[in-house]
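Below you'll find only one chain, the form predicted on its own, shown as structure tokens.
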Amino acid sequence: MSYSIKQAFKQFFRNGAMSTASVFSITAILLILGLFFLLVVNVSNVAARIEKDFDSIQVYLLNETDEAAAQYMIDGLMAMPEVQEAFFLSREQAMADLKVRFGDKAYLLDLRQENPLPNSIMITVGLIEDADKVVEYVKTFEGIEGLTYSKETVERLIKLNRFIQYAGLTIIFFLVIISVIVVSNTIKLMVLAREREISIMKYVGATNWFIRGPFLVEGILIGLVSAGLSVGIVAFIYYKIEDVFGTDLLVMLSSGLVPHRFMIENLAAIFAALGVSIGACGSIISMRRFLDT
């Protein structure tokens, strides 16, 4: 192992041009993977947030509608077998809940002098298929300003989320294959340059794994360096996106981007595993021809 590591570092720096070309090629591929990862995770996060509320209908009340009138509506709703739960939500409580969603950006809501949120009734249906019937009943009430019912939006978002996930997995699969080919060809060129040396080592009794060791470690080294560079670039890009668009998305969707630290820590672990796997597979594939003869 000590011999393999020393030789790997020597070869890595001795073949600087080829090593650099491999590192930048794999970094570019992992960078694309990282950006797809950011997109898929954040779309899934928004979809999960909305899907969590898909079985809820929020009925907004007029300012002149008092709590007694709201309770009358709630009693009528609770008499329906389709309704699982219905309760009154004051504008003060709605603002407090919104501040919890905004997290450390809650100070933005304090910039408004008045609370713009109306009183409302929150309804939870047992089955999403029954929501249309409940909505039709709610529309017969007097004293309501409107309602929020996101069934169609949720269904479209779920379809979009699935499409992005499948497309992302397909692209990731092909990019990983390309990465393995890039590393394999790079190691193959290095093996060709040392073909005579490898032949001599075989003649004097060196085992296949003794010969393969330095090249295997070198492939892993190329993969890890590429993974480190790509994670650093993706982290910087994500930080900038979060800084520029994070607040706007929070206001529009009441759900911000996935936290920077959580995203990058997981991405680093995934890329480290990918880098090691790509480097190892590329090395093993490139060495097979020379060690089987």
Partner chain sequence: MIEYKNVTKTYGTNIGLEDVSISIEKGDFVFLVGPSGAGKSTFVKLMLKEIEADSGSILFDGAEITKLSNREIPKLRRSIGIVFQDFRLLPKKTVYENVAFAMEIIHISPRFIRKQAPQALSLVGISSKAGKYPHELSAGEQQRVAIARAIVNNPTVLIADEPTGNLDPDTAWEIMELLEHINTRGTTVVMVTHAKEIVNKMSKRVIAIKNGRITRDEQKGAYRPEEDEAEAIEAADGGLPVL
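Positions refer to the first chain, counted from 1. In this text the structure is predicted, and so the values were computed from the model without any measurement.
Absent from the display: the form predicted in complex with the partner chain. The rest refers to it.
Proximity to the partner chain in the model of the complex, defined as a heavy atom within 4.5 Å, holds among 92, 197, 75, 136 only for 197. For the options 170, 207, 140, 148, the residue carrying a heavy atom within 4.5 angstroms of the partner chain in the model of the complex is 207. Segments offered: 171 to 179, 140 to 148, 198 to 206, 79 to 87. Contacting the partner chain in the model of the complex at heavy atom distances within 4.5 Å is 198 to 206.
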